[in-house]
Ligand SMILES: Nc1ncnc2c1ncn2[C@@H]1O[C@H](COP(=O)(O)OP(=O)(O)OP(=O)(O)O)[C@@H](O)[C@H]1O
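Just one chain follows, in the form predicted on its own, and it is written as structure tokens.
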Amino acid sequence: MKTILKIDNLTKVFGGLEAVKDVNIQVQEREIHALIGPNGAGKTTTLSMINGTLTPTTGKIVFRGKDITGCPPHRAAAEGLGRTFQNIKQFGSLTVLENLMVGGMYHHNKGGVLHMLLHRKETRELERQVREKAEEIACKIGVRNLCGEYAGNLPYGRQKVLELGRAMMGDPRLILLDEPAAGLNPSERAEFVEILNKIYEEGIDLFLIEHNMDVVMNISHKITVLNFGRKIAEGTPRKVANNAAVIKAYLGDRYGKNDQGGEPNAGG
């Protein structure tokens, strides 16, 4: 199995605080990989270093064989690395379709704003292509009938789905998802898992942070666990659920051996 993302000895220090310390993770192609742990464990910091929002203090990040350590987010995105955020970053006064198109124009316009203004025919063709792609993505994530609705008027669950769709507009090979199911009720989470599985089946790999264990255990092939910035466990959902250190630090007894009846469904 080929490695799509390799993290070597990743460390981030804020002042005198080591938020992440010597973390090593390998995400394989055709894998849904989850990163879990208590609040303050360093999960979002790790994700932010991978996509370039934060610069590592030390360590190395290799994506698809290329060293992207310290690359800014737009460079990481150009390499095929998408990301969603825990706090939704949409344009509430734009429609669902327009929000998707903004993401697409940003990723696919190589010449900048001035180039778009000076080359109107080329820009119109790009806009047509991006609109078609946005409509295609809207169908895939189940919001085709909401394309004309303002994003700010959508129910919270649909806004989370739209955030995922915006990440897909950049043709990513791997999407980093920060708490994608946070704030969703059980039925919304189940629907969201179906969408994630559909995206995965179409060839996009996923690396997610998530606190909802019904999501993590039912979708992940592999789980890495952080606590106080350090990796304390890694393995299949069954292995992690039965790890004494993980149970003590995060999961609690309900994920112990007496309650884990079988191997959770991984990736669909």
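Note that residue numbering begins at 1 and tracks the sequence as displayed. As the structure is a computational prediction, the values presented were derived from the model and not from experiment.
Just so it is clear, the following notes concern the form predicted together with the ligand, a form of the same protein that is not shown.
Report yes if any heavy atom of G235 sits within 4.5 Å of a heavy atom of the ligand in the predicted complex; otherwise report no. No, no contact at 4.5 Å.
Taking any heavy atom pair closer than or equal to 4.5 Å as contact, tell me whether Q159 reaches the ligand in the predicted complex. Answer no; every heavy atom of Q159 is more than 4.5 Å from the ligand in the predicted complex.
Look up in the predicted complex whether S220 has a non-hydrogen atom within 4.5 angstroms of the ligand, and give yes or no. Heavy-atom contact with the ligand at 4.5 Å: absent for S220.
Residue-level question: is V225 within 4.5 Å of the ligand in the predicted complex, judged on heavy atoms? Output for V225 is no: heavy atoms all beyond 4.5 Å of the ligand.
Single option in Q26, T44, N212, T57 placed near the ligand in the predicted complex, where near means a heavy atom within 4.5 Å: Only one option qualifies, and that one is T44.
Residues in which of 31-39, 200-208, 65-73, 239-247 have heavy atoms within 4.5 Å of the ligand in the predicted complex? Heavy-atom contact with the partner occurs in 31-39.
Along 73-97, which positions have a non-hydrogen atom within 4.5 Å of the ligand in the predicted complex? Residue within 4.5 Å: Q86 only.
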